[in-house]
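Starting off, we have a lone chain in the form predicted on its own, written out as structure tokens.
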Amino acid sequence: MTLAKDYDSVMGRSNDIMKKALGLDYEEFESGSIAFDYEKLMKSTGYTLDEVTKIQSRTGVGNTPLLELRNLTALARKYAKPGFGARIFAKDEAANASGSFKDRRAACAVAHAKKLGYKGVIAATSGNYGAAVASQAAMQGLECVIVQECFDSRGVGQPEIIEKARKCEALGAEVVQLTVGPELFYSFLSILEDRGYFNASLYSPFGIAGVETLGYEIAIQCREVLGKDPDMIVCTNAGGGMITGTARGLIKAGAKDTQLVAASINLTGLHMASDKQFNMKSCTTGHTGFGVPYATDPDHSDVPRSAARPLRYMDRYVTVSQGEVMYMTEALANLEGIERGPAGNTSLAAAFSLAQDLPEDAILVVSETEYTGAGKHVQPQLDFARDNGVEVRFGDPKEEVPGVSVVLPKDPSFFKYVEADIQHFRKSLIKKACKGHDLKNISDADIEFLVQETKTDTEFVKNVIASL
């Protein structure tokens, strides 16, 4: 019998489509209430950390270098008080096969798809993950489809997203380019159903297990080179997989005292699903449009339960401006001779400022760097901003208004991260988790789950619930 392919029919079959496309029955992890067994979900991959490392090493993934950014450290110390200015290191994830940390996620997911006998893999992404999945599929002999939210209704696409589409196609993937809006998930589900491919989701336990090797490597490399664990790691935060996997890897390495800081570009005021506003942003990922919704409601992803749960692990959440990220992208190239893309430089822009708060003997690691290319350079991004009516100038980044202006720092002293209200995000997560549940019948297991979800304590969770 031919299945109906209208929007409502396909969306109504989403759970069944997902179950077939992941080889996982998420109901196995549910409690019937707010809580679910997160650690059981993570163990369902069936792979140990050593096994994931071996999978990644077969396709040129992992064991990336830890680079000391001596010139940027020296510059940061010029603006810090005497005795302050941590040593800044970058975990160079651009050394992976397709040029970003997303290879770690893709290697594990694609290997699992091959193990289960799927003919191909599919991923919904406009970012670096598409290139990672395409690269791994090519190396592991599977077909690949990348579904990409690329254009506004005028057919205009951002240079960075179009650049990533070129890379996916160069690596042999079929790229389906869509306009912004609800058609992305519908089209993704429809293709999954038609092809019978594996859903190489960013948010599956296979993807997050792949990132655990990153955190583990950082700890081991710091011990080998510096004789200590890093004092702070700054992660660019979008969907939450980077900070989740990095933290879990650190824990497995026994590095439990390292402070984990999430960093996102502040795009407050821009609506990510707005056709008109889609091209008004100059940085397409690593921003609050992804970072905040996925932190406070991690399960609104393309799987029933996301394995990326950043509020479980982050100690702080800071934001920087688009202008600071653009400036830092050029500073890294000019001062260190390292050319990397803007998403990874979100964490570096924050780290440059954060380092000034730490003593000189502290170790600060930036855990994301990424490849660059024609559309990912600063100039095409800023030219595109001007073409869309956005003012580009030098000044104080605090004056930047997303969608209206991009303000580059007029000198490095104007770099300053903004501390986001992580307690507010934690409260928001609890409120969203409790929505639709009888507050009088929330169990002790639910409360303990929310304690873990928010990295808080029982009193905090109960006070938020009482306020509802």
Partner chain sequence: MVKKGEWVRIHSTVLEAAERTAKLPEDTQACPLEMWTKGFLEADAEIGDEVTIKTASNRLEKGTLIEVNPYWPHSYGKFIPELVQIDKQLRDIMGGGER
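These numbers come from a predicted model, not from an experiment. Residue numbers count along the first chain shown, from 1.
One more form of this protein should be noted, the form predicted in complex with its partner chain, which is absent from this view; the next part is about it.
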Would you kindly say which of 396, 315, 361, 169 lies with a heavy atom within 4.5 Å of its partner chain in the predicted complex?
169
Listed residue (139, 80, 95, 178) with a non-hydrogen atom within 4.5 angstroms of its partner chain in the predicted complex
178
Flag residue 403 as yes or no: does it have a non-hydrogen atom within 4.5 angstroms of any non-hydrogen atom of its partner chain in the predicted complex?
no
Its partner chain contact at residue 389 in the predicted complex, heavy atom, 4.5 Å:
no
Though only this chain appears here, would residue 228 touch its partner chain in the predicted complex if you measure heavy atom gaps against 4.5 Å?
no
Please tell me whether any heavy atom belonging to residue 276 falls inside 4.5 Å of a heavy atom of its partner chain, as the geometry stands in the predicted complex.
yes
Which single stretch, out of 82-90, 238-246, 140-148, 101-109, brings residue heavy atoms within 4.5 Å of its partner chain in the predicted complex?
140-148
Heavy atoms within 4.5 Å of its partner chain in the predicted complex is the criterion; list the residues of 355-381 that meet it.
373, 374, 375, 378, 379, 380
